[in-house]
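For reference, the chain that follows is the form predicted alone, supplied as structure tokens.
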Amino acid sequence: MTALIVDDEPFARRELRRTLEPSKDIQILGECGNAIDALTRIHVDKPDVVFLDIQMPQITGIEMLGMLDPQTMPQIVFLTAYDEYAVRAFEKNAFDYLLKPVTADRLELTLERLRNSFFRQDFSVLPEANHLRQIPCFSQNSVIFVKASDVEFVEARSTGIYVSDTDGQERPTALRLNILQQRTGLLRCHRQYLVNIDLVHKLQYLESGLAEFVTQRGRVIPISRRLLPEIKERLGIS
């Protein structure tokens, strides 16, 4: 069983690694100090289980869950010093969690459960995992957090997913188009595009029978023939 440790506290990461190491069937793939690094490691290394701290700066552990594809999500064991809300949610839905500092006996119970039952976890009860407040985007030597409400549109290309904001800046993101559609208010208008309907200036019909959105900044976003009836219904256009 492969594992990744995600916690912004170096001491907590070291202690958990030390407690895990006697378990010979656990291969620790690495440690991450923030959610951005963790997203990359999860996509690349595909660990079986992630020990995930809930309280991390910028992006919490629960918000990070909302950025993962449910179909490929590893098993998640939450780490928390004490979070009443999280504990109640996990108890109600049989999610597993470890209170810090993690003891060897309690950790062994978690490992036994992981060994015996790789069930798919359902995080829909946690609101923070269902709605993204911000989208982490890559810039040169940095990560830019773009508010979801400031996103004008998102485009999928062969080279990746690109987020365009209200300032006209375009940045790549590691999040997938279907996750952004599910976890933000962005509207799918084309196989390759999501658009912020609050920033649309007009819907323009073309002679070909197709249509396109024109944003307030004048960007033209195509609308697919398949999605046009659904979009017109949603906008109340007959």
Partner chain sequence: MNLQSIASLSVLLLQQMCVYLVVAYALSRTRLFIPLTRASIRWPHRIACYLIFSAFCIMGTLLGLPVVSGNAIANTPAIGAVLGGLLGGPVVGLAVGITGGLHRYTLGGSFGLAASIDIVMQGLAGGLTHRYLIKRGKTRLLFSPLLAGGLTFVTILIELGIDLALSRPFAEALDIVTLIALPELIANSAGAAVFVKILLDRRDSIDRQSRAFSAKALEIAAHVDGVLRDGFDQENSMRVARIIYEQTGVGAVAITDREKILAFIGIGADHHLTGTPIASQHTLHAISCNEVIFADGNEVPFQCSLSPHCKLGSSLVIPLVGENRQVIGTIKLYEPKTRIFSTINRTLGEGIAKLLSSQILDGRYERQKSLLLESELKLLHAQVNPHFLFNTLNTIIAITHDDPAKARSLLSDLAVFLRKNLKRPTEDVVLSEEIEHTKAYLGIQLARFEDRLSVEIDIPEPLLGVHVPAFTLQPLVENAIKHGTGQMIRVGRICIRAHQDGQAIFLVVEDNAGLYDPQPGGGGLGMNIVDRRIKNRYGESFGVTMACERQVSTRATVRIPMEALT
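Numbering follows the first chain given and starts at 1. Not measured: the values here are computed from a predicted model.
Only in words, not in the display: the form predicted in complex with its partner chain, which the text now covers.
Q: Looking at Q169, Q192, N34, Q181, which is the one with a non-hydrogen atom within 4.5 Å of its partner chain in the predicted complex?
A: Spelling it out, the residue with a heavy atom inside the cut-off is N34.
Q: Exactly one of Q27, T40, Q58, Q204 has a non-hydrogen atom within 4.5 Å of its partner chain in the predicted complex; which residue is it?
A: Exactly one listed residue reaches within 4.5 Å, namely Q58.
Q: Establish, in the predicted complex, whether D8, R14 and R18 all lie within 4.5 Å of its partner chain, using non-hydrogen atoms for the distance.
A: Checked in the predicted complex: all three residues contact its partner chain.
Q: Looking at 181 to 189, 66 to 74, 49 to 57, 207 to 215, which lies within 4.5 angstroms of its partner chain in the predicted complex, counting heavy atoms?
A: The contacting stretch is 49 to 57.
Q: Might G160 be said to contact its partner chain in the predicted complex, defining contact as any heavy atom within 4.5 Å?
A: Contact check for G160: no, nothing within 4.5 Å of its partner chain in the predicted complex.
Q: How about L109 - does it come within 4.5 Å of its partner chain in the predicted complex, if we only consider non-hydrogen atoms?
A: Contact with its partner chain, no.
Q: Report whether the minimum heavy atom distance between A104 and its partner chain in the predicted complex is within 4.5 Å.
A: Contact with its partner chain, no.
Q: Does any part of K100 reach within 4.5 Å of its partner chain in the predicted complex? Heavy atoms only, please.
A: It does: once its partner chain is placed as it appears in the predicted complex, K100 has a heavy atom within 4.5 Å of it.
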